[in-house]
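One chain comes next, on its own, written out as structure tokens in the form predicted alone.
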């Protein structure tokens, strides 16, 4: 088991970010930035290895128990 201080939470891995250089309505931007569900249970998240290689990974984790089910590189699907 690795120290949680070695990693930094980067957000929900299922959120679709707005496309770069495309016009985004205020409502769509507000939904992207502020309106998120705080789900309890199995969830897909982005994490950065801040005390090492600094790469991003996707983690499938239970938000209630903190059990980790799977990890993959950031560009891969869980």
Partner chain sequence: MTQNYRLDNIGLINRDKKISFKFNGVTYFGYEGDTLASALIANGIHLIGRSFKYHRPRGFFGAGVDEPYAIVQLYRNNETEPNIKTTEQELFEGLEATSVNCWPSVNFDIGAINNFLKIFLPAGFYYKTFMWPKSFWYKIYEPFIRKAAGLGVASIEHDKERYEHKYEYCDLLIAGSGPSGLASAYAAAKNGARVILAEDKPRFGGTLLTSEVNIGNQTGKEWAENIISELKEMPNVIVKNRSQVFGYYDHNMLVMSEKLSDHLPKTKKYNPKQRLWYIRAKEVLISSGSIERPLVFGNNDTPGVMLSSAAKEYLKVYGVLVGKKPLIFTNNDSGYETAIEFKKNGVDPIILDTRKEPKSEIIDEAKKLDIQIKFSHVVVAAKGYKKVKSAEVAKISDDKNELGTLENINCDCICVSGFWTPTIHLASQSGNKTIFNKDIDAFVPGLSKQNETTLGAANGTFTLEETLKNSFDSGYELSKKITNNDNKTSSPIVMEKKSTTHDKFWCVPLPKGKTYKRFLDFQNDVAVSDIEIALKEGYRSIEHVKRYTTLGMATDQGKTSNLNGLQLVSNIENKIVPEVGHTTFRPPYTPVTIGTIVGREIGKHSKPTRKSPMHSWHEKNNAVFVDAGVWLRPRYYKIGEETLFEGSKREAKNVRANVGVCDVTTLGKIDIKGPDAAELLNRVYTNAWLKLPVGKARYGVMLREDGIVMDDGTTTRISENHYHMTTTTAQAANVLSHLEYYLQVVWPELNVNVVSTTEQWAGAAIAGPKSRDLLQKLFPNIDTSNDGLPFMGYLEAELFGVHARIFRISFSGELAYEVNVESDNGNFMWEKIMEIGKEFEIQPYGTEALSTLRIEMGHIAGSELDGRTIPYDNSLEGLVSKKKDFIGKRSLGRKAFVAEDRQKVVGVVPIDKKTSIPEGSHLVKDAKAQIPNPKLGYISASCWSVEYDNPFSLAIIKDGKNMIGQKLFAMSPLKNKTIPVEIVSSHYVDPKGERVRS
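All values reported here derive from a predicted model rather than from experimental measurement. Positions refer to the first chain, counted from 1.
If you look for the form predicted in complex with the partner chain, you will not find it shown, but the lines that follow are about it.
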Find out whether any non-hydrogen atom of residue 78 is located within 4.5 angstroms of the partner chain in the predicted bound form, and reply yes or no. no
Can you tell me whether residue 70 touches the partner chain? I mean in the predicted bound form, with a 4.5 angstroms heavy atom cut-off. no
State yes or no: in the predicted bound form, is some non-hydrogen atom of residue 39 no more than 4.5 angstroms from a non-hydrogen atom of the partner chain? no
Taking the partner chain in the predicted bound form and a 4.5 Å non-hydrogen atom cutoff, the residues of 31-46 making contact are 32, 33, 34, 46
